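For reference, the chain that follows is the form predicted on its own, supplied as structure tokens.
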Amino acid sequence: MSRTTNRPARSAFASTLCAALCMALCAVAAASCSAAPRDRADLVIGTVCSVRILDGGDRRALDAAFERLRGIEASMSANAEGTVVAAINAGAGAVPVPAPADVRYVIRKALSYAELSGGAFDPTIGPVVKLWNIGMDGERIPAPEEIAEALPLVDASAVAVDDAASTVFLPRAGMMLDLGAIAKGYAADEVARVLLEHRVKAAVVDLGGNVKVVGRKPDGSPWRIGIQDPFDDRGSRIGIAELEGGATVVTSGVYERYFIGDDGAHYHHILDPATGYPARNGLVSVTVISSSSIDADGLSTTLFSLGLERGMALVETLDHVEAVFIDEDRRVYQSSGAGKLFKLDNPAFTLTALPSR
């Protein structure tokens, strides 16, 4: 079907690379360094990943960081042949598939968010994701009967992870894991770990908008991370989060991957496991601030899928997690501790209290 996409004529790589470098520059603004920063950016794990080292380490640290990213992609991508996740999907309904510890860890994390959210987050959404194919060649609006046929295959509770046998099993033919809503977070944590092992003292890791800061800025000031304006081009912000080393900022939003259908409707990539259609609850983005990027990644999608009230209620039960919600009317809602970390500075948005019940 014909459609209008959301991207300009220049290449997606060039556009995202520019945005990634802008984010890194924002994060290190006003920092004083004894040596020139070392940067690298590349297309890996399905997005442009950039690492900027401000203090410590050397080129070998960058080499090791990107080697780890490529290793994660080679095992966890659902869209490439020969990966562990692809093998698990191919074995659905037939055989348990050997899976290394890191793959089992990420799957278990994803399953924990499926349980925590009551199914609003579900890593077995793969059959529905494949129908829509949003952000890839052949994106389309599936027929209702296609969605109805795929939905019974979405069932996180059926996934069997066997640590003793080092296997993962999907019990019904046609089931498919998709770790796209959590694997980038794991990758950011892993890159940070690798950098620290290579004696990096300060760095910014940006994996397609999943940002993690490593160590202490050379001038001792907090890291400053811009939160994306969901109504504007990448690199435009609604405000700044000021963070200590080790913190992460992850956003899920309707602007990340989408297309406009022939019906004129906006179809984004955050799919509701209950309906098989993009989640529609009045939100346009959710940003999570935490110390764990895998948790922030899984939570940003979970909170978006739950919606404002249920999502905010969940955040308030979690330690070391804050969140910023933005709705279609440019109203900004923040969790009880977010005000200590995040400052809204875009006059087009209004900081709003959650309606009392």
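Predicted, not measured: the structure shown is a model, and the values here were computed from it. The first residue of the sequence shown is number 1, and the count goes up from there.
Just so it is clear, the following notes concern the form predicted in complex with a small molecule, a form of the same protein that is not shown.
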property: Heavy atom contact within 4.5 Å of the small molecule in the model of the complex, the stretch among 38-46, 309-317, 52-60, 327-335; result: 38-46
property: The single option of N79, S166, N281, S236 touching the small molecule in the model of the complex, heavy atom within 4.5 Å; result: N79
property: The small molecule: the contacting residue among E73, E242, E146, D155 in the model of the complex [heavy atom, 4.5 Å]; result: E73
property: Touches the small molecule in the model of the complex: I227 (any heavy atom, 4.5 Å); result: no
property: Interface membership of I88, the small molecule in the model of the complex, 4.5 Å heavy atom rule; result: no
property: Contact label in the model of the complex: D189 to the small molecule, heavy atom within 4.5 Å; result: no
property: Touches the small molecule in the model of the complex: A181 (any heavy atom, 4.5 Å); result: yes
